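First, one chain by itself: the form predicted alone, in structure tokens.
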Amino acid sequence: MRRVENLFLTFSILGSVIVFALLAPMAIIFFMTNPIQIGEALMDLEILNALLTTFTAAAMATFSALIFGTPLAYVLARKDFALKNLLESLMNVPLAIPHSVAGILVLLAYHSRSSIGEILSRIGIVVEDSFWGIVVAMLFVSAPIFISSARSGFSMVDETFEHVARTLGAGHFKTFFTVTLPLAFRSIVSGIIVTWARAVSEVGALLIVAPYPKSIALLVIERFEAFGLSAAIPITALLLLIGIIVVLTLNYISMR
């Protein structure tokens, strides 16, 4: 018993180092920021426009991941097929490459003079230096997170429930929407929140694909480079506060 207590004491001391390393910057930024400064940031039209652009684009990217990623996640969770492992690995590549590389990949594939970009431009979707470019870049770097979360949720649903529903006369689509999806709902919602948060935090890809209209992450960099650290602190504190709210919401959903 004594050895177990010593183990936890040792591990707690070691763990406190990383706790301090993570929490200290967050505490310092709030200590250095006057609440009035955050209020002033919320009244800055440039900041508000950047927030609106960022949150709207992130919402559209997340919605796209939900609509197209949910069916893919279900197939990956329920079916075995050739090259499935390779496909799953490739789906996670955007998470493993530098953000600037992700931006170059997106720009090369979807710029208006590329084969795919020409098709998109005909329906009004131009990637470079546009709102749609922000959406596409955000989708590229964040969709794998949603797919992984949704796939885990579907994998945890006992297939017996689906079989019972179908023996009672429910079709495949009805079974999915009335049985499978509700049982995997928590993982779906968690995936939505984390995907949206990841999209909001994107910087490197946006610098290459669509620096304009300006997202909030790029505005922080611009203020820092133009006016120094003091000008970037209020926006940083505001974004950190939003991030804390998102994480607390995610934890609440997980506990529920």
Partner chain sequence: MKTVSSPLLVLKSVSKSWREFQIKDVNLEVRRGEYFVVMGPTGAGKTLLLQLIAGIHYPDSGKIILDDVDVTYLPPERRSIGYVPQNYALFPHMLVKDNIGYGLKIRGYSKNKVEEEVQEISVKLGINHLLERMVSTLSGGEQQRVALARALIIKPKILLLDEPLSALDPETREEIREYIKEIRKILKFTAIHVTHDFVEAVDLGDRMAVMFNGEILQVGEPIEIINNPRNELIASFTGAKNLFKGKVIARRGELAEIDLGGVRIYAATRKLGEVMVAIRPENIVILLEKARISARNILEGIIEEISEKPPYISLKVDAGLPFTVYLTRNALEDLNLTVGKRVYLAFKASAISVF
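Positions refer to the first chain, counted from 1. All figures in this text were calculated on a predicted structure; none of them were measured in a lab.
Keep in mind that the form predicted together with the partner chain is missing from the display, and what follows is about it.
Asks: Against the partner chain in the predicted complex, would residue 156 count as a contact residue? Criterion: heavy atoms within 4.5 Å.
Replies: Although the partner chain is absent here, residue 156 would stay clear of it in the predicted complex, with no heavy atoms inside 4.5 Å.
Asks: Taking heavy atoms and a 4.5 Å cut-off, does residue 122 contact the partner chain in the predicted complex?
Replies: No, residue 122 stays farther than 4.5 Å from the partner chain in the predicted complex.
Asks: So, residue 131 and the partner chain: in the predicted complex, are they within 4.5 Å at any heavy atom pair?
Replies: Residue 131: no, not in contact with the partner chain in the predicted complex.
Asks: Flag residue 168 as yes or no: does it have a non-hydrogen atom within 4.5 angstroms of any non-hydrogen atom of the partner chain in the predicted complex?
Replies: Answer yes; at least one heavy atom of residue 168 falls within 4.5 Å of the partner chain in the predicted complex.
Asks: Can you tell me which of 174 to 182, 104 to 112, 148 to 156, 87 to 95 lies within 4.5 Å of the partner chain in the predicted complex, counting heavy atoms only?
Replies: Going through the listed ranges, the match is 174 to 182.
Asks: Between the options 164, 126, 72, 116, which residue brings a heavy atom to within 4.5 Å of the partner chain in the predicted complex?
Replies: Answer to the contact question: 164.
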